[in-house]
Ligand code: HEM
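As a starting point, one isolated chain is supplied in structure tokens, in the form predicted on its own.
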Amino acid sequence: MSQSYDRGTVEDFGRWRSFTAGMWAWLFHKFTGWVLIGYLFTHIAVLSTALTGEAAYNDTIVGLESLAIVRLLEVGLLAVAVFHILNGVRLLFIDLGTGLEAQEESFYASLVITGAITIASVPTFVSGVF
């Protein structure tokens, strides 16, 4: 005979409010990893236009650089990459035993540094489009 399982809080979407910084760091790290994998395929697709000739590649790059949405997506890509790198370094230190007592502070520091780098880079990325 099988027993029924009471899912309880598993199906309670209000549980997001009770997540700790460590859970949010894990979720953001997974999300940014998947975004970077998706970007890798996009990057390969754009680079593959070089196989058809130099003119096709140059037309593709010029066409993409002229789109404002592409420039904004590049800013998002920078934010994703910077957070993923900083959180990875944070996890490395935690795995090495350094910073175990300051996990929450280091996660928030990763977010703040990511935000600062991203905001500082916006003028560089969107220059010439707007």
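Start at 1 and count along the sequence shown; that's the residue number. Worth saying up front: this structure is predicted, and the values here are computed from it rather than measured.
There is also a form predicted in complex with the named molecule; it is not shown, and the following applies to it.
Contact with the named molecule in the model of the complex, judged by any heavy atom within 4.5 Å, is made by just one of 36, 56, 100, 67: 36. Proximity of residue 79 to the named molecule in the model of the complex falls outside the 4.5 Å heavy atom cutoff. In the model of the complex, the named molecule sits within 4.5 Å of a heavy atom of residue 88.
Among heavy atoms of residue 72, none comes within 4.5 Å of the named molecule in the model of the complex. Using a 4.5 Å cutoff between non-hydrogen atoms, residue 92 counts as a contact of the named molecule in the model of the complex.
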